[in-house]
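What follows is a pair of forms of the same protein chain, given separately as structure tokens and numbered structure 1 and structure 2.
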Structure 1
């Protein structure tokens, strides 16, 4: 397996957030972690990237426990895109190039520059490459963050609400890019999502969190109205439109 999360628990001071979470992800899979606000989705991503240290359990990438690695070693294995990106006084090109830092020595190589240019073009940022990131919209800044994570060449791509600040066209472009990267590289992508319909359209595996535990996990065929109602507290129907599943709230 590309990623194994085994018996991970976490608490903020005395408040339990995650309780014995365990799952596996294979190469080329796109995974959506789903659930209402406050259920621990972002906390789980941060534990998987060792930003937060789990109280119990392990996170293994290609059978290597990342909790035993230093930050640079982790950055070679996992690329993390936070829900909100901080803007600095640097150009888009330089901001993306920073993603190569775990692989660079004293200066950027031709390979580093080639990967940076490719990621910028893939995210349709070519016209903005010499703009300062402080001049970008929220959606553009999010695309820069994703491009920076891609040039890390990670085995695991972690994305916290990657479409939250994007319009419909850019949401589709980002999720198509994530799927393409997972399909054409030895990469697995794991996203937290609120948009159930986008998740159903672009993901292979769904992990529903409830009460800090995994309530349900499985392929698109396993997602039922009963699971969604149990997790979100809202009755829904799942219908198909042009062979794509859609969640329709009934209340």
Structure 2
């Protein structure tokens, strides 16, 4: 397995957030973590790359517990795309090159520069590579963040609500990119999502969180209106439109 999350629990001071969360992810899979606000989706993502240290359990990438590794070693195994990316006055090329930080010692090597260029071309950012990041749109900025995570050469790509501030066109573009990356590289992508329809369309595996525990996990076929109603407290129907499942709220 590419990633094994085993018995992970986490609490903020006295408030328990995650309780014995466990699941496995294989290479090439795109996984959506779903659930209402405050259920612990982002906390789970942060525990997965040890930004937050879980109280119990282990996070194993290719069978190695990352909780025993230092922060740079972890960053070589897991790429993290934060929900909000800050824009500094650096070029797109330099912003992506920053993803080589966990591999660098003193300076960027030719290998680092070539990989950066490859990631920029992979994300179709070539025309923007010398533009300042501050001049980019939200969608372009998100692509820069994904390219930066790619040059970390991770086994796992973690994305915290990658489409939350994007328009429809950019949402589709970003999720397609994530799918393509997972399909063509030896990598698994795990993202937290709010948009159920987008998640249904672009994910292979779903993890629904409720009360800090996994309420349900499975493929798109296993998602039922009852699960969604139990997790979100909203009655829904799932209809098929051109072979794609769609969640329609009934409330």
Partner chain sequence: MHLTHTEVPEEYRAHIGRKTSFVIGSLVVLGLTLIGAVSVGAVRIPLPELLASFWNQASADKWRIIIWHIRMPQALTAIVSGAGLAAAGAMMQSILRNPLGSPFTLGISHAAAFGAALCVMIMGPGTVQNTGSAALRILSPYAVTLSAFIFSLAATFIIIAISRVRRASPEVLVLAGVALGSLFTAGTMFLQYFADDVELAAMVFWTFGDVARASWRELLIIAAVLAVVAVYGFYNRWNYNAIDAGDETARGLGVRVERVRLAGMLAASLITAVVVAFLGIIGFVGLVCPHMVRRLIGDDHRFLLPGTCIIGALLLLAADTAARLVLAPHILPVSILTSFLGAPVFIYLIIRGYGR
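Bear in mind the structure is a predicted one, so any value in this text is a computation, not a measurement. Throughout, rigid core stands for the largest set of C-alpha atoms superposing within 1.5 Å between the two forms. Numbering follows the first chain given and starts at 1.
- Of the two forms shown, the one predicted alone is structure 1, not structure 2.
- Core-superposed comparison between structures 1 and 2: the Cα of residue 172 travels less than 2 Å.
- Once both forms are fitted on their rigid core, the CA atom of residue 98 lies less than 2 Å apart between structures 1 and 2.
- Relative to the superposed rigid core, residue 76 undergoes a CA displacement smaller than 2 Å between structures 1 and 2.
- Core superposition places the C-alpha of residue 125 2.9 Å apart between structures 1 and 2.
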